[in-house]
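Take a look at this single chain, the form predicted alone, given in structure tokens.
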Amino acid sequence: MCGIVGAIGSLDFRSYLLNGLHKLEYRGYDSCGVYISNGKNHGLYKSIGTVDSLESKVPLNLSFNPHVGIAHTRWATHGGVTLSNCHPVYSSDHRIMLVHNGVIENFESIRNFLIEKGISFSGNTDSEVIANLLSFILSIDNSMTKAIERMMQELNGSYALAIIDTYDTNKLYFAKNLSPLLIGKGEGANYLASDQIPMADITHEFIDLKDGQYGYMSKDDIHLFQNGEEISFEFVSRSSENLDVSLNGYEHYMLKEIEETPSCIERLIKNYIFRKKYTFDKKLLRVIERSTEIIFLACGTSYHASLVAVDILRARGKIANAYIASEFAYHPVIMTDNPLFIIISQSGETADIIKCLPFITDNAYHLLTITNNRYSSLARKAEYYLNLYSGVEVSVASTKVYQSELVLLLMLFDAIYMDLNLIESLNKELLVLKDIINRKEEIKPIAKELANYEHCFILGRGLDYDSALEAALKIKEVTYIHASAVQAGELKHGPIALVSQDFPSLAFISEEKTAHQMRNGFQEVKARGGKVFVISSKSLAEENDSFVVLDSTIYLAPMAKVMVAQYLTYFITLEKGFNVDKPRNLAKSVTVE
């Protein structure tokens, strides 16, 4: 969600900034822009839509040599998708140029104050409020670092800022609170970005800015401040392993990432199993065993993965619950006095989860964080941390990361209970997944038919309902078909009123004990004109099922069913002609509440 790229010094700014924006496209955006300057000359280029469209506006051969530049991809929060709201944004006096990730909660009161002071606005963003506030403070005290400190005292909310003072373009300023921002060390230049990826090919030495920190860089120096005092810092070496964002011959990232699932599982096996024994921190395992309650906090796809873990724990007598983080942050629920919190976030920057952290830390509860980014905000604040090792996931719709989350949770609890026979089962599951990949063409006809509908139910019972929730999310977010997950036994308690020849159902069957009841329910749907597309496990399959997967160990069954749903989503979206990797209105990394 939004991306920042910036630099100062001697480099090819056009290439660095635009390539950096391309590498941040996976985060989701609806407009983008670039500002470059050498003090005497400058260029400001903006575009509604893609970085490709912006690239066509930035001259291949610039008429001047810039020494400072900032760039941004914007996902609209405050203000519509217009050029005036697109970043970079100027202050009204054109002194301050900045890009901003985050949300300023008190922007309206600051905006009204500034309007009373005679300051005008060209757009509707909270980001322009920041620019004008900083310029206003500078009119009183011309020290930039002091003005930034004062500005930060006035702002409530989240922000990562890259700031250029057009009166002194030999410095690139920055500030950070509750939104990620990295400083990269270079030779003859220094860099910043909201993500490591734009800088991965240039440097491996970084400063992970902490909340409340601000400062400036020149081509040779970096100065860091907090609470009005300059502070020391250390560069941290970061590996660029698993940061590849190339398509590697695939037409779309979503397809590539679905088919990377087996390699992701193999990577988890390599990192957490040695000689058929788990290598998890023994202290963490003891904490899990001794905790009287396990509380999962997550959003979207990660929440759906946690539901399977809840089922596993409850079946073994452990109190376990999963909560949507945005709800828990304001309505926390704890049933015992010694809980362990497990927070799951693909990006490690999810604002809704970060909002929950004070409740956990203020009460000194144990915390395990699971993310796909070991350098993220949530990972750095964790008591215990587990990496998903999935590599970069570019497509907005999560695929391989869901599967990695599911497997890692299963591995963790198998290390305690040792009754899932998971190590052997995972090798078998890899064959199940590879079989689906090899037979994906068989899914196309189902997708082609489903593409004709505007609504559908996704039916399941037990773990299949957990899979149905994830399948419904995938179908909604990428195909724009209204998909609703329903516990199959509840269909007749209300939802069946929607069933008609225009309202089909997709159903999962993985468990023998509910297979008969599932199929009885299908008769009720068919009697009302509704069509049912059945995805079943081989031992429970019947002749007219739409797609049959090889049998899985029951707790791994969601992997196969969800992979089929991912392929269905992909092929439906192609059939409908929509953007597979960048569905409308969505962002990959949700860094605002």
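All values reported here derive from a predicted model rather than from experimental measurement. One rule holds for the numbers: they count along the sequence shown, beginning at 1.
A second form of this protein, the form predicted in complex with a small molecule, is not displayed here; the remarks below concern that form.
Looking at 143-151, 487-495, 397-405, 287-295, the stretch with residues near the small molecule in the model of the complex, meaning non-hydrogen atoms within 4.5 angstroms, turns out to be 397-405.
Exactly one listed residue, out of Thr301, Ser179, Ser510, Ser505, brings a non-hydrogen atom to within 4.5 Å of the small molecule in the model of the complex: Thr301. When the small molecule is considered in the model of the complex, only one residue from Asn132, Ser347, Thr369, Asn85 comes within 4.5 Å through any heavy atom, namely Ser347. For Leu473, a non-hydrogen atom is located within 4.5 Å of the small molecule in the model of the complex, even though that partner is not displayed.
Heavy atoms of Val99 never reach within 4.5 Å of the small molecule in the model of the complex, leaving it off the interface. Contact check for Asp208: no non-hydrogen atom falls within 4.5 Å of the small molecule in the model of the complex. Heavy atoms of Ile163 never reach within 4.5 Å of the small molecule in the model of the complex, leaving it off the interface.
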